Each structure stands twice: as C-alpha cells, then as structure tokens.
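What follows are structure tokens for two forms of the same protein chain, given separately as structure 1 and structure 2.
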Structure 1
C-alpha cells in the first residue's frame, strides 16, 4: 500500500516532526526534466535523530530543501507531500514560511561561506536572528549573539562579533552558522554536513550541544552527512539514499553492523577503520559512478555498480521490502533464485509509529553479508619506498606571525621537523594550530619570519616567486577545495596541459601524451577532459587537482585536507590513489587533516600541533597508542567510531583555545589540560620526553607515569572550574 493509504496513527498521537510521503522532485534544466527524488517516504518522530546517508548527488540536500520550501526556482514537487509538525508546508504563505523558518525549523548548511553574508559583521548576522524572531533590541540581541558564539566554542567571541566572514577560518564560519541555527531553540533541526570543516574536538563539542538541545526541548534532528561515525554517535535510525531512492532504512545499530543492501555494505567498507594503516590493506571502493540526472534507469537503480546484480535486477525495480526476523535462512535460496516470496517480504513504504522494523530495496538482502570484496593491494613499507635514504625536507626553527589590527598572532613558533624520501608525514591539530601556515611556508606561498626550509640538501628561498624552476616543479600542493584552485573557464585538459608545459618542460609533441598519462594515473576518463570543472563531481575535480600537482613529477606534495569534503566512497579512492602514486613515484607527502582515522591510515609518521607548536612526533602507531601527549589523548577520544560494542570515554577540552597573540606561559596546553600538575605546568615550558618506543612529546609527565594514567590505572583528573 502507498504512504497515503497506510493506517492512520492514533487520533491522540502527536504529529511527526517530519513526515515525507511519496515525495518526487524534478529539476528542469535546458528543456530537460531531471528527476532527483523518486517516491521517497520517511518519518521522523519528535525528539528523534534520523541520519540520511549516501553519496553526493543522491538527493539528500534536495529532500532537506523541499522540507524547508527552499527548492531552487527550477525545482518542482511533482508528487507527494512534506508535513512538518503535522503542517503541510506547501500550504503556508510566504510570510508564514519566513516566520516558521528559524523559529520552528532551522538548517545548518554544508558551505558556511555561502550561508553568511560577506557584507555584514558576524555580530550583526547572529543578532538578526534574535531581533527578528524574539523582538529584542540591538543591545540585547548582540549580548545573546555573544553568548551563542560561546556555546559553540568560538575563541574570543567579542573579537569574532566585530569580524566579517572572510576573516574567519572555514571551521569558525561553520560554528557561526551552527550558533545561528541553534539560537532560538528550533523544534526541528536539519543538519546538512554540519561538521565537514570542523576538528574532532569541536565536532564532539557541537554534538554535545545538539544532544543537550534535544534533551532540553525535545528537538528532532535530520542529519545529512557522509560521516558515518557522526551518524553512529547521534542517530537512532538511518536511511540510505541512492539515486533518489531510499534503498535501506532501519535502526542505526542494525544498519551499521548488518547491512542489508549492497550499497550500504559498500559505504561501510569504504571507511578506514580506526587503527588501520595503508600497509595493512587498500581501502575498499565502490566501482563506477552515480547515474547522471535524467538518465533512464530500468530495474534497480544500483544494479550497474552492484557486485551481486542478477538479470532480474536490471529488468524490474524491487520494492522497499520489510525485513523479517528469520530472513537469514532464506539467504542462500534467495541469492540463487527469483525474487523473494511476497508473503515473506511485504512491500513497505513508511514506518508505522513506534515500529523499528528494517527495510531494504533489494531482492537479495539476505545474501549481502556474503557480498564479495575487492582484493586488497598492500602498500610497501617506508624502507621499501626508499625512506631510509635520508631527509628530503628539513624545517629548522621556523616561525611565522601575522598582524590582526594592533595585535600580532604567532601562527608557527620555532618549529622543526624532517621528512624522509617516500614518507608521509601526517599533521594534525585543531583549526588555528598553525598547520596550513606551516604548509604555506614550505611551498613558498608565504615567507617565514625566521628559520630555514631545506629541500634535498639545498636551502630554499622564502617565497615561491624567488625559487628556481626545479624547486617549483619538485614541491607541489593539493588544496582542500579544488573549486578555488581550478580555472572554471578552462577545460580540464587545458588545465593539465598548462601545468605540463610550465612544470615538466615537455616538448610540444609529448604534452598530449603526458596529459593522457596523468589522467589515466588518477583514473579520470578521457571524456571528462573535455569538460570544465563546474561539470565535474567533487571527487573528479580533486583527481584533476592531484593530476596537476603531479604534472612535473614532484618529489614532495603537500596535501591540505585533500579529502575532508568528499563522500566516503570518493575519499577511499583518493586515498588509494595517493598511496598508489607514492609507491610508484617514491613521492613524499605532508598530509594535513582533521580526520584522525584518515591520518592514521595514510601516514608513516604523525606530528601533533597545538597553538603554533609541534608537541608530539612519532610513527603512526606510536602516536595513536599510550603514552601520548594529553592533547593527543583528548583528540583521539573525540573521534566518532562505528563500533557499537565498545564504550568510548570522551575527554572534553574545557574552555577555548587561547589567543595566538597571548599564548599561556609554561605549557601552552595547561589551560585546557585534564592532567595538569599545578604550578610547574603554568610557569615552566615542558621538556621533550622520549617514550620507550622512541617517539617524543613535550610534557612534564614522564612516559611511565603517563602510560599508567592513560591505560586506566589512574582516574582522569577533573579540571578545576
């Protein structure tokens, strides 16, 4: 039966926070109708958190925009309806919609740069929410805005109120957007990739804030994300969207521990498990790409990419079958025969109130647990990559500061490190710790105030404009956002051709062959070389950016958050690509990321930065196992994991990161440290401690004592209020 025909809820039952019924949405572009959502039905109860996952282009954000009546002018709702708190949103007047948004339903967008007005100060934008929805005067609204910024752990709220969006980092901008969404305690909060640009510690604090809101006013959450760990932490139920179809739905624990759709299983296998390293195995990926909008599809929408597909899958689309408790016994017969018996697998379109049943749009759900996996290809060890030959990069006592009005901010302070040939050095730490500033000093995008950068035994000039052509070719960078680094007016072939001519010194007759090889190395199909960046997906654009970085056969590539904004499936392919290129070309990487599981996977060694200083360095295994710096311990405890059976005690970093213009005396971490010893930490700089395994960290606590504390023999000391 359809959603419109399903049994009605009890007359006394409260309406659902969000009730989407058989929703179909189409975009109209250049005379073509492009269906995006195809009969999607889901129900979000009051106080419930529902995670909606799937690759970019599956229709997740379109569903959210339809719920808020924010569809673009070329988008139409062709069928179905959306009810919020029992109210059909299509019947609201424009004035009612304006009052309703923000007060009852609010949204946090993925890209804060487009959600904030570049012409207004942060304080005015946050205060506007209170003035419009609560009628406060300017002074009261600004005070409430200041408090909102404190709630989302923004450092120096008073200074932030006076700044414009472009003066904040991406993570800080996102915290401002979250503060605005939470300002007046909406009953339904739609989060569209809300923590993509945030550090693990800030992400955990934001989740705590969202959970506190849920508990205080019984708010409902619709979480749209590619971060499966985030869904596991926050959500009770999960829906998996693919090509506009809801292909699986059920309780989060069941979905993540026992997927019943091949696409869900594919997503789960893409995620680097905590503690996994590239020398263990390659990450699993999902072959192929999403079908293009408007592409005619027969049968199951996932059949073209599914390793379990059989002829019936391409002929007839399966319903969203309810999953019976004893279905496992039918798995073998199901995998070898025709579709399941309708008596056992009844088509289902919406959960009745209170029902926690599972549903999967697949004929062979019982056999998904046996779905074949691709054969992993192991990366070679650092020694096999030539890492024992010596340092390719040496950074000696580098410092860099900036002016902020009358204040001087020291972003990198007296930092030294070395990088071997063929090695990946992972750099982690919160936003504002100095990671990207250090990367720009290495690549010559900015000049260091003091210190030296030596590459292959030769001292480098401070800026790229003064460096030799060989140095420019040998040191390249891959940025987080390829949209800001690829010329939107050029075809991707033209972009790569220019890079080859500039960097490789290739003769004209060989340029085309070099471009074709680069695109093949990063697995970009030839047809995409004729398109502009705006016509490519995020993963395809990032592959072009990587190809461009390798145009001159570099020795060192600095990767600044190269996969943080990508879907888990695309992220896995990008990480595998970087590992493959490293193994083949013996290239060295400086890899910057806030995703510690990704850093653990790809890195040979890891450095931890806090407040402009490098406070811990060691192999990936050493840094991730006790004893480690208390700051590293807090970072690791904040990582959202997919394991439902292990209890995770998070160490909350109380307070905000101090200002770079006035760093604390003694140990810079002592103002937030859960293991502070007292006056010695407040007045004396910590010594470099050497653990038994050889890695180093800066702390007053000796390795044996720290090991005892971190392995549970001693309780975590509370921070004094």
Structure 2
C-alpha cells in the first residue's frame, strides 16, 4: 500500500479544511538531517474540531507551522503536501501566501503575552487585519476591531482598543489574539496550546469562549495540545502523534474511553483522575524516553517504550490499521514472515486514513485494553506514616509585601497554618495569590515582614543566610523550573556532592556513597551523574533536584510546582517518586500547584489561597467536596475533566483578580463571588467557618447553607453585574 495509489481527493465532496498528505518535515542542524514528521496524513473536514495530542517533541507544532507554510529556516518539507481548502500551500506565490494567511488560516498561540506586539495599541493590531485583508481605511478598520473585541467578550472594547498588551491580563490578551485570528473569518483556525500557562479559571473562560465562537463561525479547528482534558472538551476527533508519527486517530469519545494504541493508553493512565488520592492508587507511567530526533528507530516508533512490545514490533513498523478489525494482527503475521527490515522506517508507508473512523498504528490493538499496568507504588495513609504527632512547622501570622514602584503589593497577608510530621500540605490558588511567596518565607529565601515561622518548636530566623546549618538541612525546597533548578555549569555529581557535603556533614569517604545512594533513591542511573544538566531530560533534572533536597535527610521539603513544567508521563513519575520518598523518609511536604488534580492526588491536607490569604484549609477530601469556599468551588468547576460521564457545570468568576496593592474590603473574594450575599460581604471580613473537624473556610455563609447551595439543592444565584 502506498500513498501514491490513494485517490488525490474525493472529487464529489467539498475540499477538506485541512488535508495533510504523507507530510515529511526534516530539520537540518549542524549538518544532520533530523526528521520531525514522518509521513503524517490527516484530514479535517469543514467545521470539524480536531485535536492533535502528544508530548512535547512529537512534532505537533511543526505540523501546524508546515500548514501555515512557516517552517523554521532550517526546516524543509521533504515529501507530501498540505492542502488548505483544497489549495496546495506550497504552490502559493509569496503575495498569495500573504493574502491567504489570516484570511483562510489563522493561528492562536501558546503565550499570548509575547504574541502581541508590545509597543502597539491593541486596536491597531486588530485593525491591521482588516486594513490589509479587507482594504479598509483606518477608521473603518478600528470600528471593525471594536466589533471583534466585542465578539470575544472583552469588557469595555473602546478602552481596550487604546490599551497596550501589557495592560491586559493573560486571559484578555488571549482573547485579543483570538479576536485577531477570527477577524476575517478564516476557514481553519489553528490553536497551539491556547491555554497553557493560564490559570485554571482563565483557561476555562477561554475554552468557553472558543466553544461559544465555534457555534457562530464555521471555521475548522486544529487544536494542538498536551492537555487531554482540553481535547475532550473541544474536539470531535483526535490524532495522537508520537515521534513524528500519527499513532492513533479517531473520534474523541472513543479514543478517550477506549484507546487502541499503547501510547494513548499510557498517556491516559498517567494523568491523575479527578478526586484520586495517592492512597487510592499509584499513577501509571510510561517507561523510557521519547526518542531523540534523528535517533535510528527499528520497527514501531513506540516499541522501545511499549509494555506490550513483541519482537515483531521491532522488525517492521505497523501501518495505521483500521479499528475495529483484524488488520493489525494480519500485519503482524505478515511482518513475522518477512525478513527483518534494517531500514528503521520507510518514508512511504501508507496512512490509509479516511476509510474507517478509527485507526491505530499497532499490531496488537485488540490487546491494548488489557495492557499491563506498571508496578503500583501505593502510598500509606498519613496515620500509617505516623504523621499525627504534633506540628513540625507552624506559621504564625506571616505577612510579606513588595514594593512595585509607588505601590505596595501584599503577597502574603497575616497567614497562619501548621503542618504535621510526614504530612503533605497542598497549597492551591491562582497565580499571584501568594503561594510561592509563602513558600519562600518558610524556606528563608525571603524574609517575612512580620509573623513567625516555628520549626520543631524553635523559632526560625527570617532569612536562610542567618539560619543554622541544621535548620537549612531540615527545610529544603524543590523548584518549579527543571531548566534552572540545577546549575548548568556543574556536573550532576558535583551538584549532589556539594549538597551532601554542606547539608549532611558527611565525611569525605562516605560522601560518594551518599551521593550514589541519593541518585539510586531518585532512580537516576549512575551514568547520568557524569553529565551536566544540559544533557539531561526535564524529568531527570527534577529527580536530581529532589535528590539534592534530600541530601541532608530533611524534615520538611517545600515543593513549588515541581512537576508543572513536565510532560504528563514524567509528571506522574515525579509524583510517584515524591510519594515513595515520603513513605520511606517520613518527610513533610508543602506542595504548591495550580493543578488541582495533582494537589488532590498528593496532599493529605489542602489550603486554598486567594489574594494573599488562606481562605480554606482542610483535608484533601474535605476541601474537594461541598461545603467548600465559593472560590474553591469555582476553581474545581473550571478543571477540564477527562470523564465523559459527568457533564460539569462551570462556574464563571466575574472580572479580574483584584490588585494585591488594593485588596477589596470585607471578603477579599466578594468582587468575583457567585454566591455573594450582599453588603456584608463587601464590608465585613468573613469569619472562619468550621465545616468539619479540621476543615475551615472564610465565608459569611455557614456550612450547612453552603452545602445546600453547592450540592445543587438550590440553583446557583444569577450573577449580578
């Protein structure tokens, strides 16, 4: 079978919105050809929303860029073609490409902050599209821009027109980008990780917007993301990309409920299900790593990591077989009978997409549902860990503010909490709520302005520089960014050795042994100790960072979004590692994350922060179930869930988060609260309501009323604008 024999396109049907055929894209770097896309074929019908998923490095963005004819200077299309609306993009003239971009195909980018011209007013940026695509004069174009902004529900479009990008919040910026993309009604809209980096509530708003707009425009959508929840919400069809190969394709619902490729299955399994806790089940991981670009592969691209791989998988690459059906098994039999094919993959493998609804590039699709699980490392409960005895850490009325020009931003306001030995305290909240500042006050990276941090009964000095070596040893931190957490100039071993020497006070001879033990504990192979962080993957770096924190057998480790920057499969293994270490070492964690599912998974207790204050504290279970603070409620409702069974009702928060320099009076949340009672919320600070043993939240609504409201016995009060 080969693409050559395929009919070019069905002559009777209207041309597809996007028709990618056998696309091969290669990057050239330092004299090497690195194939990024290997014969990818996919097709978006008009009005269809298609999700392209896969971990970073699989070639998703490259595919989008090829579709926009905007490959990096060192990338070339070696074979295949891209048709947009039936038009082969490679045949367009320079001028035609210009007209075509924006008008036929438009894009929304990952980071809206950098996607907008920083020195140009929003109005001009949006109006540009009209001026150059529709030839409108400046005034008309601005008028149209105003309409566009109104269409994406930006508040006060007139004011926004005059604003500069930096004056808008991330969500508003993304709305502008969307407005710009949709300005002249393109037939294909490419969304490249459109919500990554945005807070859950904002993400939810953007998704709402896109969903809503879909109903009004007839653009097809190509959604590129690693977030399976997003795809589930927006897309009808899904393609799973792995190492430049489309490995599975089909209707979203089918793929998510019944994956037929081991990679898809692996991806699904490593995401913590909503409401899942570490004591319930360990997260599954995908062993191994994504092959490096240009690495020679034999047989199935996924075979090296596949728990189901059989010898035949490495002999010859399976085709994209239709499912259900036995084509895969036949393929396997055929491959067995053929002589081993040394060529890793043949570029002209066929991708017989289009005939059946579902395809999977696997010989053993039928067996995927019974794919063996990886070893579960189940966490013991807090009691089993012996975490009940007294507080390890007590934070008393800590405040911290920063100067920003003339304003003072209070990042942590009069906050108190305590933490038991062996306990994991999860800290959630939107960005800017003060989570990280609090963490840094605990570790001493930042001195609190007032309040006390007591550790094991002793008052800690405010800054790390003035704390005793023993206090430093006992409280360590794991940071968010794997790329900057390790000194790139040091070898991994040097990093660990230094930490062991400084923190463990170990004598020369045993340092080496301790380093080896640490690296074994975090499952980093000794050979990686010789390398510098630049040669390690993000997960490996984060493991080393964890090992570094554990060098002096700490009592408390503050984890500030330790897995947020990692791919889901890696995130799972890092979370597993933290759980495992905790079980072994009796360590307490303060675990900060904006990912509620992750926090729910790993935490024993959870605190919710809003505008520098802790507005709710309780066990993970308590916080995640009503009655809980209206803010918590809104946060929880905004998570895109993978389950198709429960249709969630999202609670939209009003307005923007107020500035830390001028927090609202009364209840800090009243400006955005959907359960606002009235004047009392604006004038009086809410009392701490005790919902259950150890569960408190700050709200004027008592627990039983709140429970009634939140369990749906009464409808959500209409939002008063």
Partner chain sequence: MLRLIGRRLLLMVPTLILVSILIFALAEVLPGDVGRSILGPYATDQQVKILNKELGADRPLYERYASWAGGFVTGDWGDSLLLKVPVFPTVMKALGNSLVLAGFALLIIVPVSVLLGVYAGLRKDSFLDRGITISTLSMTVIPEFVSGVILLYIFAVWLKWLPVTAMPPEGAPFVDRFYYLILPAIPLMFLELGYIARMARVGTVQVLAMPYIRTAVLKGLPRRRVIFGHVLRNAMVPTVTVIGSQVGWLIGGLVVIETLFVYPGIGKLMVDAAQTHDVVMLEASVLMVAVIYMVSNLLADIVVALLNPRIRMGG
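Remember, it's a predicted structure, so these values are computed and weren't measured experimentally. Numbering follows the first chain given and starts at 1. Basically, rigid core = biggest C-alpha set you can superpose within 1.5 Å across the two forms.
Engineer: Does structure 1 or structure 2 depict the form predicted on its own?
Structural biologist: Of the two forms shown, it is structure 1 that corresponds to the form predicted on its own, while structure 2 does not.
Engineer: After fitting the rigid core, is the C-alpha of residue 681 off by 2 Å or more between the two structures?
Structural biologist: Shift at residue 681: below 2 Å after core fit.
Engineer: Tell me whether residue 671 is among the residues that move between the two structures (Cα shift of 2 angstroms or more, core superposed).
Structural biologist: No; residue 671 is a residue whose C-alpha shifts by less than 2 Å between the two structures when the cores are overlaid.
Engineer: If we fit on the core, is the Cα of residue 622 displaced 2 Å or more between the two structures?
Structural biologist: It does not, since the residue 622 C-alpha is displaced less than 2 Å between the two structures after the core fit.
Engineer: Aligning on the rigid core, what is the distance the CA of residue 223 moves between the two structures, in angstrom?
Structural biologist: C-alpha displacement of residue 223 between the two structures: 3.5 Å.
Engineer: When the rigid core is overlaid, by how much has the CA of residue 694 moved between the two structures, in Å to one decimal?
Structural biologist: Residue shift at the C-alpha: 4.4 Å.
Engineer: Fitting the two forms on their rigid core, what distance in Å separates the Cα positions of residue 130 between the two structures?
Structural biologist: For residue 130, the alpha-carbon shift amounts to 10.4 Å.
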